[in-house]
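Before any questions on how it binds or moves, here is one chain, the form predicted alone, in structure tokens.
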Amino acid sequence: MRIALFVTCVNDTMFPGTGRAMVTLLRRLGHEVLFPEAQTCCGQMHLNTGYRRQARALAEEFPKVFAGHDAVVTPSASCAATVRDWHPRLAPGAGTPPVFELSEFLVDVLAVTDVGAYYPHRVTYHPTCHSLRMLRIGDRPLRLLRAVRGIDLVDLPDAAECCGFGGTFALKNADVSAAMCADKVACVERTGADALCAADNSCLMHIGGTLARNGARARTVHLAEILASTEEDPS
């Protein structure tokens, strides 16, 4: 299968390791991974701040950039939701291609849950708002994580509660955002996890900042990076 990687702005700029993990994982599963170099922002940031005309231009360009691939896969639930939910409304008739968040692509399209990963750490999973409420990916990430060898997967208390990021919400409502994140971090710390996993690096960036300021044990890691990991199993 010829898969186009839609890496997203945040990952390209701040978390390139997530994009590399996606390529490693999908190639390990036997697929060709391509990177259309003309790709740019999905327009979520523009929509969040009221720039609908600029978002429309990006929505019109998106299908041109990703034409000719069997599937478009992204490590961002929020960007996948923007393309699937908003692009058809912004640019009707433009022919928006099907875009999949990583876990739904693996489980629903490739029909795999065991991707051959090994990650010997205690992990808890945060279902981000877009993955939970817009994409409705349900337990797909958890099904993938449960199949990882060596992992100690623990439940996150109040997992469905928002972390407080919300894109520009965190800037416009900083005090509320920080309070929400403090609640989320308290839940993470209660698990005793070594790593907090999610399907959006934007949320992990927000939570990770508070974890670091608190001197917490847990670090943040994207789902793709865990699934791409094949540390040698000592057993």
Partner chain sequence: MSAAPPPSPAMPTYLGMPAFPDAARRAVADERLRANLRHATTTIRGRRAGAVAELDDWDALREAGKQIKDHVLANLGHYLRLLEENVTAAGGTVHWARDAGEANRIVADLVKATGETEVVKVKSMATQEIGLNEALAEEGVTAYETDLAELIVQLGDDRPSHILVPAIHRNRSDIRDIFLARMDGAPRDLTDEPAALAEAARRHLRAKFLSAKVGISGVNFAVADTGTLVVLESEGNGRMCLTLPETLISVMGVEKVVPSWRDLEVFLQLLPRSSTAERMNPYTSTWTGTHPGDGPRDFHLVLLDNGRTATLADEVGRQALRCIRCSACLNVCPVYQRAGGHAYGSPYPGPIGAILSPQIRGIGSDVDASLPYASTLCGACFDACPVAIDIPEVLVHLRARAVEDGPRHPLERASMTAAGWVLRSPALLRAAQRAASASRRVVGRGGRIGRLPGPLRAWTATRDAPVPPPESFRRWWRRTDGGRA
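Quick caveat, the model's predicted, so the values are computed rather than measured. Positions refer to the first chain, counted from 1.
Beyond the structure shown, there is the form predicted in complex with the partner chain, which is absent from this document and is the topic of what follows.
Undergrad: Quick one: in the predicted complex, does every one of 33, 41 and 58 get a heavy atom within 4.5 Å of the partner chain?
TA: Per the other structure, all of 33, 41 and 58 touch the partner chain.
Undergrad: Since the chain is shown here on its own, which stretch among 146-154, 159-167, 97-105, 115-123 would lie within 4.5 Å of the partner chain in the predicted complex, judged by heavy atoms?
TA: Within 4.5 Å of the partner lies stretch 159-167.
Undergrad: With the cut-off set at 4.5 Å between non-hydrogen atoms, does residue 209 touch the partner chain in the predicted complex?
TA: Taking the distances in the predicted complex, the answer for residue 209 is yes, it comes within 4.5 Å of the partner chain.
Undergrad: Indicate whether residue 28 is a 4.5 Å heavy atom neighbour of the partner chain in the predicted complex.
TA: Contact with the partner chain, no.
Undergrad: Check whether residue 178 has any heavy atom within 4.5 Å of a heavy atom of the partner chain in the predicted complex, and answer yes or no.
TA: Taking the distances in the predicted complex, the answer for residue 178 is yes, it comes within 4.5 Å of the partner chain.
Undergrad: Using heavy atoms and a 4.5 Å limit, would one call residue 129 a contact residue for the partner chain in the predicted complex?
TA: Residue 129 belongs to the contact set for the partner chain.
Undergrad: Within 69-95, which residues have a heavy atom closer than or equal to 4.5 Å from the partner chain in the predicted complex?
TA: Stretch hits, in order: 86, 89.
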